[in-house]
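Single chain ahead, by itself, as structure tokens, in the form predicted on its own.
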């Protein structure tokens, strides 16, 4: 699937930049056609990989100028997801962190989202639901749903937590032993969460997100 290929491409670019020193902080990436050819991927896949690395703070896109290696690239943490070794411990830590802040994020987003942002949240929730019901990979839809909620808080520092959320969502989906049960829990929990968003009920959204985090941790055996 292209989602997996874009992730592999992002990881390869990350290694080339951070581990192999292919480019220095502040250097500009080659143009899209040249780089996609060098990596052996389509331009669409390359764009997705660049977007992922931009969200993680590895790259910076400057309109009209191109894509550059972030000057803070050495401070970026890859969260150790190059392999799945020790993934349970990492997932526990990530979901504990999510359980602390995502319920409050949901409440803030419910209160602050513009009409357009609310429509996006609900549409992405429906897309995630459709993926689950149709047996399709929901990874990107699920990530986009949670990312839209974070963006709707209008809080710059919350935005910096997006890579953590994305990594946790993706790793839980691809490595979970109880993928089907987790998917059904997600279907039910998201429906409740979306109901409170539609009602513009911040307290309800906060509780619904807390329940979602609890169910996920219980199903994956991450509690305590």
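Nothing here was measured: the structure is a model prediction, and the numbers come from that model. Residue numbers count along the first chain shown, from 1. If you superpose the two forms and keep the largest set of C-alpha atoms that fall within 1.5 Å, you have the rigid core.
What comes next is about the form predicted in complex with the DNA, which is not displayed.
At a distance of at most 4.5 angstroms from the DNA in the model of the complex, all three residues 31, 43 and 65 contribute at least one non-hydrogen atom. Among heavy atoms of residue 217, none comes within 4.5 Å of the DNA in the model of the complex. Interface residue remark: residue 187 is not counted as part of the site for the DNA in the model of the complex, having no heavy atom within 4.5 Å. Interface membership of residue 61, defined by any non-hydrogen atom within 4.5 Å of the DNA in the model of the complex, is confirmed. The two forms, fitted on the rigid core, differ between this form and the one not shown by 2 Å or more at the CA of residue 50. After superposition on the rigid core, displacement of the C-alpha of residue 39 between this form and the one not shown amounts to 2 Å or more. Remark: with the core as the superposition reference, the CA shift of residue 191 between this form and the one not shown stays below 2 Å.
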